[in-house]
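Listed next as C-alpha cells: two forms of one protein chain, kept apart as structure 1 and structure 2.
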Structure 1
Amino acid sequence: MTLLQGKGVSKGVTSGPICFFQRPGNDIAKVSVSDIEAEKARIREAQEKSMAQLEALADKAREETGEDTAILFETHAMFVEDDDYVDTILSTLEDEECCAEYAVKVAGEQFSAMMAAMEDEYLRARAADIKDVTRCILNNLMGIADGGIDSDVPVILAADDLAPSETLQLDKSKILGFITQGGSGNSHTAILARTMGIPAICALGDSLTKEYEGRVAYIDGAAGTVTLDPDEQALAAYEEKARKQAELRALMDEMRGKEDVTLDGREMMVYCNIGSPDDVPAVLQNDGQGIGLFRSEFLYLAASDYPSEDEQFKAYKKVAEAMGGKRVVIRTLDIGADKQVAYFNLQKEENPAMGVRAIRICLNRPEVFRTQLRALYRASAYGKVAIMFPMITSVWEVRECKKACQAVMTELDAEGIPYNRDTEIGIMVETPASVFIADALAKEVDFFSVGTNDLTQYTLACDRQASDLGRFFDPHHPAELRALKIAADAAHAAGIWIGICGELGADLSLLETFLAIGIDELSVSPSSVLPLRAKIRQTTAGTCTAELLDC
C-alpha cells in the first residue's frame, strides 16, 4: 500500500485511474533524421488532424459563443495549410534534416516574429494566432491530447498546479477528482473542484510522481489522502466513506425544492458562485436561488485578445436567461494579482495583491470598462442582472463607476437598444478601507457582497497564496468577523442587503454567527447549497449569538 498525504481542499471520496495533465513543453529539441519522407508524412497527418479539430471547434463555437469566434477558428484552420507556412516547414525539414516537430516550431517562430514586427497593432496581435496554430500542429505531432486529458474514461487528474486558463479548457466530464503537487485552498484548482463538487487534494509535493500514471488511486478530499494499492483495512474504510457519501447525497436530494428558512422563519438567500456559463447546470441541479457571484474573468482569461462586446453580451445573456428571472450578480473584470492576462500588458509588480488590479484597471482603461458595461446592460434586458464592482476602497471610485454606467445607459438609449434601467449596482466589500467607510458606501449602492478571501488577506496581512502561514492565517479571526458586522450594520442602516461571496460563506460552523450579525445572503459553490440549506432549516435565528466576535 502507498499512502500520499497532502492538503484536502475539496471534500469527498472517489477512486479511478490517475492521469497526468499534459502540458506541452516549450523546449523542442532538434533531432536529426534520415527519413525525411516519413517526417513529411507525419506533418501531413498532423495538419489534417489539426484542421479537423479546428473545424470542429468552429462548429462548437458557432453554437455556443457565436459567429466571431467560429470564424477565428476557421481562419486558424486556413493558417494550417497556408502555402508559405507549409513551404517553410518543408524547406526547414529538407535543409536541416531534422524532425517534424523542430521544423514546425521553426516555421511557427518565423511567422509569428514576422507578424509581431508589423506596424499595424491588429496584425501584431495575430502573432498569437500563429502561435496557437503552431501549438495545435505540435500537439498532434507529439500525441498530446486536446484539453490535456488523454483518456476515454473518467480519471483523477494529476498536475503540478493548474493555471486559470488551463482549468477552463478541461473536459470536465472526464474528471473524478484533482490531485496536485502545489496549490492551496484558494488556488483555482481548488475553487473549480468545489464548484464541481468533487474531491481535490493539493500540496502533495514530490511524493506525487509521474510513475503513478494510470494506477488506480483512492482519494479522500477531507483527509487529504491519496492511496494506491490499499490493504484490506484501508479499502474497507474507503468503501464505508463512499457509502456514507452516497447516503448524504440522497439526503441532500430531499433538500431540493425546499426553502432556505430557519426554524423561526428567518429567510436566507442562498446563491451560487460561478466562473463561466458552463457552471449554470450545477447551480440548477443544486437548486441555488440565484447567482451571487459570476466571475467575468473567464471571458478574458480564455481569450488571446480583448473579448468583444457581443461575445460578452452572449455569455451574460445566456446565464441571465438560464436563471429565469432569478438574480444574477455579475462582477466586473477582476484581474491582476494572481490572475494575469498577457494582452493587457500589465506592468510587473513587486506586490500585485496591492497593485493595479480589478476596478483600478477598469477605471484606468475606460474603453475596456465601457465594453463590459455595455454588454452587461444589454444582457439586463434578458433576466435579473445585477452589476458588482470589485476591490472598492473609496467613495469616488463608486461614483466614477456609476458615472460610467450612466454614460452607457445614455448610449443605449440613443441607439434604441433595450436594457433594464433599474439594474442593481453593488460593490464587493473586500478591503479594510471599504469596511471603515461602509456607512458612506452603503448610501451609493444597492447591495454589499463581502469577499472574505481578500478581506481576510488584507485584514490579517496574510498572503492567501502562501501555504506556510499556518495558524497565523485564521479566517475565523474576530477582526474578520467584526469587519463583517460593521459592514452589515452599515448596510442595514442604509436599507440595503448584504451577502458573503467568499469561501467563508459555506463554513457551516459560522452560520449561527452570520445569522446573529444579520447577513442576508450567502453565495457559495453550487455543491455547498444543499448542505447549507439543511443546516439553515435546523437553526433558530433568534437564539444565535455573536460570541465568536469576542477575543
Structure 2
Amino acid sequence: MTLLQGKGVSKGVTSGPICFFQRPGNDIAKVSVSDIEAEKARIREAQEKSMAQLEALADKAREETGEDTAILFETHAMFVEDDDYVDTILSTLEDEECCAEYAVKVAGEQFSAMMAAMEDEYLRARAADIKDVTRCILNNLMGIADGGIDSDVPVILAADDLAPSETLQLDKSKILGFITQGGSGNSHTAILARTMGIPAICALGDSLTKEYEGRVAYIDGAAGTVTLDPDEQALAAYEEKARKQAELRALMDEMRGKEDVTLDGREMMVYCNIGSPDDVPAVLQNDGQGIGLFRSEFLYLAASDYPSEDEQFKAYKKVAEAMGGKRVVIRTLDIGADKQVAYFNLQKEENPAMGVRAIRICLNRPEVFRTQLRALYRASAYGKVAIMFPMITSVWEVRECKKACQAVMTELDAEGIPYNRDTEIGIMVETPASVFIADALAKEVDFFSVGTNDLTQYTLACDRQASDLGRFFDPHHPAELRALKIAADAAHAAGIWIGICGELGADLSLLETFLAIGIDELSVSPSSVLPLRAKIRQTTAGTCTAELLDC
C-alpha cells in the first residue's frame, strides 16, 4: 500500500485512475532531422487536426454563446492555413533542418512578434491569435490531448497546479477529483472542486509523481490522503466513508425546497459562487437562492482578445434568465494578481496582489470598463442582476464607478436599449482600508460582500496562494472577525445588506458567529448550500451573541 499525504481542500471520497494534466512544454528543444519531408508531413497532419478542432469549437460556440465567439475560432482556423504563417514555419524547418515542433514554435514566436509590432491596432491584437493557433498545432504534434485530459473515462486529475485559464478548458464530465503537488485552499483548482462538489487534495509535493499515471487511487478530501493499492483495512475504511457520504447526500436531498431560516425565525440568504454560465445547473440542482458571486473574469481568461459587448451580454443574460428572477450578483472583471491575461499586457510586478488589478484596471482602462458595464446593464433587463466592484479601497473609486454606470445608462437611454434603472450596485470588502472606512462606503452603495480570502491575505500579510503558511493563514483570526463586525455594523447603520462571498462562508463552525455579527447572506460553492441550510435550520439565532467573536 502507498499512502500520499497532502492538504484536503474539498471534502468527499472517490476512486479512479490517475491522469496527469497535459500541457505543451515551453522548452521545446531544437532537434536536428535528416528527413525534412517527413517533418513537413507531420506538420500537415497537425494542421488538419487543428482545423477540424477549431471548426468544431466554432460550431459549439455558435450554438452556446453566439456568432461573435464562433467567428473567433473561425479566424483561428484561417490562420492555420495562412500563407505567410505557413511559409514562415516551412522556411524555418528547411533553414534550420530541425524537427517540426521547433519549427512551429520558432515561427509562431516570430510571426506573433511581427504582428505585435504592427501600427494597426487590429493587426496587433491578432498576435494573441497566432499564439493560440501555434499552441493548437504544437498540441497535435506532441500528442497533447485537447483540454489536457487524455482519457476516455472519468479520472482523478493530477497536476503541479492549474492556472485559471487551464481550469476553464477542462472537460468537467471526465473529472472525479483533483490532486496537485502545489496549490492551497484558495487556489483555483480548489475553488473549482468545491463548485463541482468533488474531492480535492493539494500540497502533495514531490510525492505525487508521473510514475502513478494510470494507477487506481482512492482519495479522501477531508483527510487529504491519496491511497494506492490499499490493504484490506484501508479499503474497508474507504468503503465505509463512501457509504456515509452517500447517506449524507440522501439526507441533504431532504433540504431541497426548505427555507433558510433559523429555529427562531432569523432568515439567512444562501447564495452560490460561480465561475461561468456552465455552473448554473449546479446552483439550481443544489437549490441556491441566488448567485452571490459570478466571477466575470472567466470571459477574459477564456478569450484570446478582449470579449466584445455582445459576447458578455449573452453570457450574463443566459445566467440571469436561467435564475428566473433570483438575484445574480456579477463582479466586474478581477484580472491581475494570480489571474493574468496575456492580451492585457500588464507590466510585471514584484507584488501583483497589491498592484494593478481588479477595479484599478477598470478605472485605468475606461473603454474596457464601459464595454463590460454596457453588457451588464443590458442583461439587467432579463433578470435581477446586481453589479459588484472588487478591490475597493477609497470612496472616490466608488464614485468613479457610479459615474461610469450613469454614463452607460445615459447611452442606453439614447439608444432606446432596455435595462433596469434600479440595478443594485455593491462593493467587495476585501481590504483593511475598506473596513476602516466602511461607514463612508456604505452610504454610496446598495450592499457589501466580504471577500474573506483576500481580506485574510491583506489583514494577516499572508499570501493566499502559498501552500506552506499553514496556521499563519488563519481565517478564524480575531482580526478577521472584528473586521467583519465593523463592516456589518456600518452596513446596517446605512440600511444596506451585507454578505460573505469568500470560502469562509461555507465554514459551518462559524455560522453562529456570522449570525452574531449580523451577516445577512452567505454565498458559497453550490455543493455547500444544502449542508449550510441544514445547519441554519438547526440553529437558534437568539443565542448567537457577541461573545462568540473571541475578540
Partner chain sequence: MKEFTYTITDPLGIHARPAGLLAKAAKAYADTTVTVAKDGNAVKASQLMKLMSLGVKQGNVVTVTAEGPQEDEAIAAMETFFKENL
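Values in this document were obtained by computation on a predicted structure and should not be read as measured data. Think of the rigid core as the biggest set of C-alphas that the two forms share within 1.5 Å after superposition. Counting starts at 1 with the first residue of structure 1 and goes up one by one along its sequence.
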- [ ] Tell me which of the two, 1 or 2, is the form predicted on its own.
- [x] 2
Open item on the list: Core superposed first: is there a CA shift of 2 Å or greater at Ala41 between structures 1 and 2?
Closed with: yes
Task: Per-residue C-alpha change between structures 1 and 2, Ala52, threshold 2 Å, rigid core fit - done: yes
- [ ] Establish whether a shift of 2 Å or more occurs at the C-alpha of Glu239 between structures 1 and 2, with the two forms superposed on the rigid core.
- [x] no
Open item on the list: Please give the CA displacement of Thr92 between structures 1 and 2, in Å, after core superposition.
Closed with: 6.2
